[in-house]
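Shown here is one chain on its own, the form predicted on its own, set out as structure tokens.
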Amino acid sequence: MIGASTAIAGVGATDFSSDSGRSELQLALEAILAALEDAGVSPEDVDGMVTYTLDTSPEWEIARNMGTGPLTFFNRVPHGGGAACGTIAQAVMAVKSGAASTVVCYRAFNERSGRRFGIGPQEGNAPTAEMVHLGWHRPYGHLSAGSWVGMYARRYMAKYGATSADFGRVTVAMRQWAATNPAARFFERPLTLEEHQASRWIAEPLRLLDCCLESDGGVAFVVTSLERARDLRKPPVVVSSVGQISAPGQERMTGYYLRDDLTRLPEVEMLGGQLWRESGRSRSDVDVAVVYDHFTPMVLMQLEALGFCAPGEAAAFVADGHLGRDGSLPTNPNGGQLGEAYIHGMNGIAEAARQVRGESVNQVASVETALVTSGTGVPTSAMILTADTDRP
């Protein structure tokens, strides 16, 4: 089991906005210092760091500006949103192996006021293997994540009879949560299905309100041993299981030809099975879920891939209110990336940790087990977080 003896001991975040007015480095430092304060540890205690390959604030810049001691472990996880839980996985392995004792995981960007990922890859003409591969898609208009996901969405609709309104109910559910979260960009702004249906097309069948927010902000965590976390400021959030996976034939959201069924997410299916086995938990044990909601159709497909619904039944599951406050699977109580902010999935991890601690603004009753997923259609990661019920 990868986790179990490790824990998230600190959670920190900046405000989320469309124009932060600060550099990405400053956002990262603010989030990290808030996480350290939350845990009750000092910058000098930090000896490990993990972030994303798309990050613009290198570990040594963070360390120098923050005044850490020597870093004995540092790493970067690729594949965009699929990296979110992967940062925790790398930190857990560092702590368990002894490579580091106090690891900071962080992600900060000006994704709205600066580089906007929604416009697609901007690597220029560098002859990387992935750019060569995307050369087979770009001439046909597949220029961004929205157009790539649109292919999966269209197939899902054709196979199961799903409609745009079915996708819209996901957004409506997320906005209901966001409306009561003061940190959310859509605080006090719930959404009706009619408003969703009136929003413009982005890449048919995806409407504007099927797509996650573009946001500025930062989120960070402190990961350490469970034994040490028990002596720190806040109740530890146990990493019961965490993993990363790249499925056979994996691509970056363009796997239209090697997959047997475009309505399935094999990377999520395999990773879900691993999490249940390693954590000793089952789907029925999950008190709250944080599902990566970059695009609404992928929420439906994840619910099915993880076994909460049979194939093709997720739309009815959402329509019946299962993702809401009184539902059987309260999902994304922070409002998710559709309602709170898009920080590449890291704000979802923060919400799961707060739920386990019992300190979320939209707290679900008696949370002992939380499920978190990362990006879909890419090499991905996920984890199970639990309360420290075995504390001596």
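The numbering used is simple: start at 1 and walk along the sequence shown. Bear in mind the structure is a predicted one, so any value in this text is a computation, not a measurement.
The protein also exists as the form predicted together with a further copy of the same chain; that form is not presented, and the subsequent description refers to it.
Contact segment among 130 to 138, 218 to 226, 198 to 206, 309 to 317, judged by heavy atoms lying within 4.5 Å of a further copy of the same chain in the model of the complex: Only one stretch qualifies here: 130 to 138.
Gln90, Gln244 and Gly249 all contacting a further copy of the same chain in the model of the complex, non-hydrogen atom within 4.5 Å: Heavy-atom distance to a further copy of the same chain in the model of the complex: all three under 4.5 Å.
Thr72, Thr192, Ser284, Thr163 - the one with a heavy atom within 4.5 Å of a further copy of the same chain in the model of the complex: Exactly one listed residue reaches within 4.5 Å, namely Thr72.
Contact of Pro58 with a further copy of the same chain in the model of the complex (heavy atom, 4.5 Å): Contact with a further copy of the same chain, yes.
Contact of Ala158 with a further copy of the same chain in the model of the complex (heavy atom, 4.5 Å): No, Ala158 sits far enough from a further copy of the same chain in the model of the complex that none of its heavy atoms falls within 4.5 Å.
Gly273, heavy atom within 4.5 angstroms of a further copy of the same chain in the model of the complex: Gly273: no contact with a further copy of the same chain in the model of the complex.
4.5 angstroms heavy atom contact with a further copy of the same chain in the model of the complex for Arg112: So Arg112 does not count as contacting a further copy of the same chain.
Heavy atom within 4.5 Å of a further copy of the same chain in the model of the complex - qualifying residues of 85 to 105: Contacting residues: Gln90, Met93, Ala94, Lys96, Ser97, Gly98, Ala99.
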